[in-house]
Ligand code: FRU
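Quick heads-up: it's one chain on its own, the form predicted alone, in structure tokens.
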């Protein structure tokens, strides 16, 4: 009886502890965050037996970067996550850097039919190598391959393997980064253990920072049954993508020589995709932080957030392949009652009869023909986040310069992001998710995305519409307060 009472008490205590963990200041309520400690890049995104697996870079011992290991969570719906024990631990001075995971349905590796294989970079101060570990219990525990590494070029910077099964050639393909050279190298293998080089891609596009976290995938073209190949890379604190063809050996970029970004905001990095979703269409998740100040954001006992899962497609616009990203539809299940405002004409500034820091918002508006117009979120105490459209420059701007930035000078200095956005029939559509300290903005049904972190006080929760030069018509604004996933 005493033992049963003890177990019951323990369960109640753990439940209270878990609830308290997700009530902290700044804690997102419908984005994934670890219970505690540092996290960064998503790793090993793989779907198996009804579960989406999210592995991610973590420090099991603290709230700053260090002791890199793979932590683990699973979900049935990409919204509600169950935390699991650390999956692959730092050992013997070798950190576990980023990588991917696959389901070996044909037992090509000899580790067992449907074994889950993690492919990751082993890191020391002087060497990075590619390694594998396997699981025969749906990722609940992993065994490191006793003949690691499986790929070693004896280089200090050589990392982030991303692997998928290439059906056409009946082999595994790996994309792996040469960061300093701004190149992605492709390899092939029959067994995940022996790898042969195929080709290199780059340098091209954004070479302002080291290239990391590649991901090569097939993405559907909207309105057709066709697909193109898309290659992701991450560089310092931003991302870019290339669109073209992969023939099993090399990738050929078909877009113009310019920079195409997954996200124009300040806080989106290292996104990779689920390759083997039930409908075979990739879904991406990115890390919502910025290496320039990542260790300094004022959150505790956790640090960093993952993006909402984004479904991907392609559309050709003005001769360019554009990546279309939209939040997965299941997110709509988190909506509470809708608050709707229609046909509002704003000349200067108008406060809305709605407030909050955990909501979804869809709005369609016709910007004024001059000056800036848009919306201010987290208004209070002379603070606000300004999301606007500048009609003169045809620029969309996300400006957090008037939000709390006292905790870090670098965060304060990186306060504005922008991109040239074309109106559609004279109007602009925004789909905004505001979640305590995270704001994700999907523009014109996902043709562009902006993600930013802000850290408002609890009473900084009002909302204002504004127009600096002439009238702006807001056709509609629909708000939904969102349920917590925890």
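Please read all numbers here as calculations on a predicted model, not as lab measurements. Residue numbers count along the first chain shown, from 1.
There is another form of the same protein, the form predicted in complex with the named molecule; it is not shown, and what comes next is about it.
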Exercise. Although the named molecule is absent from this view, report whether residue 160 comes within 4.5 Å of it in the predicted complex, heavy atoms only.
Key: yes
Quiz item: Should residue 435 be classed as touching the named molecule in the predicted complex when contacts are defined as heavy atoms within 4.5 Å?
Solution: no
Quiz item: How about residue 68: is it within 4.5 Å of the named molecule in the predicted complex, going by heavy atoms?
Solution: yes
Quiz item: Is there a non-hydrogen atom of residue 453 within 4.5 angstroms of a non-hydrogen atom of the named molecule in the predicted complex?
Solution: no
Quiz item: Can all three of 97, 212 and 269 be found with a heavy atom no more than 4.5 Å from the named molecule in the predicted complex?
Solution: yes
Exercise. Check each of 40, 418, 37, 29 and return the one that places a heavy atom within 4.5 angstroms of the named molecule in the predicted complex.
Key: 40
Exercise. Could you tell me which of 456-464, 437-445, 60-68, 45-53 sits within 4.5 Å of the named molecule in the predicted complex, going by non-hydrogen atoms?
Key: 60-68
